[in-house]
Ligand SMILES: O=P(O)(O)O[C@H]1O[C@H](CO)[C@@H](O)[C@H]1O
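Presented below, as structure tokens, is a lone chain in the form predicted on its own.
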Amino acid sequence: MCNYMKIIQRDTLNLEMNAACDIKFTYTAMHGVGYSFMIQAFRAANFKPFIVVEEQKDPDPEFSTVKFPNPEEGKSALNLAIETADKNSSTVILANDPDADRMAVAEKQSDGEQGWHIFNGNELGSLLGWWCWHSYRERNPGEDLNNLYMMSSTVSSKLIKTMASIEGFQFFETLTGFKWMGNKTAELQKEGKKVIFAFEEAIGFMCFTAVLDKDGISAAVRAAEMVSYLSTKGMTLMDKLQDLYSTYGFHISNNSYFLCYEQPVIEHIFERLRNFSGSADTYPTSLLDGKYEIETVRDLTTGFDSSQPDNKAVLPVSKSNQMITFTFKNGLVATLRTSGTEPKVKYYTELCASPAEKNVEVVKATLEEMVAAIVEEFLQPEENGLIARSN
């Protein structure tokens, strides 16, 4: 057994529990390299063999069974996996992208009419963050939490941050991309601190520090282990997600993008937001004529951050990338940014509700109203000729 697999086995909370698990897992490598490694990882964690999507288990540069070989695309990418799982009475799907650094999970819902739920990156980040916290606490009861860290990218869910504030461990936010989280982890380790989890909403997860990067193999094993544990409590992943919302408040996200092929138009959109009242650093103060007030603004293109005493951003600044974050008084965090590789203007929004709010439909309705207003008032797609996402 190689050292990587030994670490997966060492970090498994309960080998006997996994061996007894009767959940059937289906796995797809999405025509990539993950299959042989996942076999070894499941064996190291003492799971029974998974059901493989035969058509996608071997590398295929043509990706012949899927239009976009990325499990982040949702059901369109997981059709074969869902078909395979249904044929084999499997209730959980684990999927890697072709280079196996990202990981997706789908779960068959108990109500047959609901079909399969494909967890988004923020939902999985919340679940895996809880599992890493639970596992660490089981192994290290009573340990001082001042040196224990989790982290996520700035456009990812804030549920882990909320969890940290309640449970007592530390949280750190980085720029988008695992180079930032990996480097910060290495820095914290040199200071004698421990990082037990990091994630980004684009289904990238770092569940141990043997690899200071997103790693879809170890993340899939940890997800399977969490499923195994929850099954002993009569719970599913969806049950646990709702439990997290009940404890820490609903954290509901809505992320998408517009295409824009004209760089001057993109620059105009962001410069307008920076000079909203006609002078520099005068950003919007509300949405819908004052209905939703903005509490703070952080602009990582210029370095302005109204949440800091000196109005200077703590996170690194890049003048070559557009990125503005608005935090609203009602808990909504909205980030507008450009892509470094594609002609896109992206928006990331999450409404972080109080645990006292138990009606998710109220949260969803508020989020929907605010996102629509952000699009119309801040991005102005018709005026700027933006092309909406096709799916």
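Keep in mind it's a predicted model, so treat the numbers as computed, not measured. Don't overthink the numbering: it's just position in the shown sequence, from 1.
The protein also exists as the form predicted in complex with the named molecule; that form is not presented, and the subsequent description refers to it.
Trainee: Would you mind picking the one in Y348, F328, F50, Y35 that has a heavy atom within 4.5 Å of the named molecule in the predicted complex?
Mentor: Only one option qualifies, and that one is Y348.
Trainee: Heavy atom within 4.5 Å of the named molecule in the predicted complex: which of A202, I269, L148, C260?
Mentor: When the named molecule is considered in the predicted complex, the option within 4.5 Å is A202.
Trainee: Are any of the heavy atoms in S339 no more than 4.5 Å from a heavy atom of the named molecule in the predicted complex?
Mentor: Because a heavy atom of S339 falls inside 4.5 Å of the named molecule in the predicted complex, the answer is yes.
Trainee: Please run the contact check for K214 against the named molecule in the predicted complex: heavy atoms, 4.5 angstroms, yes or no?
Mentor: K214 belongs to the contact set for the named molecule.
Trainee: Given that the named molecule is not shown alongside this chain, does G115 nevertheless sit within 4.5 Å of it in the predicted complex, heavy atom to heavy atom?
Mentor: Contact with the named molecule, no.
Trainee: Is T154 close enough to touch the named molecule in the predicted complex, meaning at least one heavy atom pair within 4.5 Å?
Mentor: Because no heavy atom of T154 falls inside 4.5 Å of the named molecule in the predicted complex, the answer is no.
Trainee: Tell me, please, which stretch of 174-182, 244-252, 297-305, 227-235 lies within 4.5 angstroms of the named molecule in the predicted complex when heavy atoms are compared?
Mentor: Selected stretch: 174-182.
Trainee: Does any residue in 76-106 get within 4.5 Å of the named molecule in the predicted complex, counting heavy atoms only, and if so which ones?
Mentor: Residue within 4.5 Å: R102, and no other.
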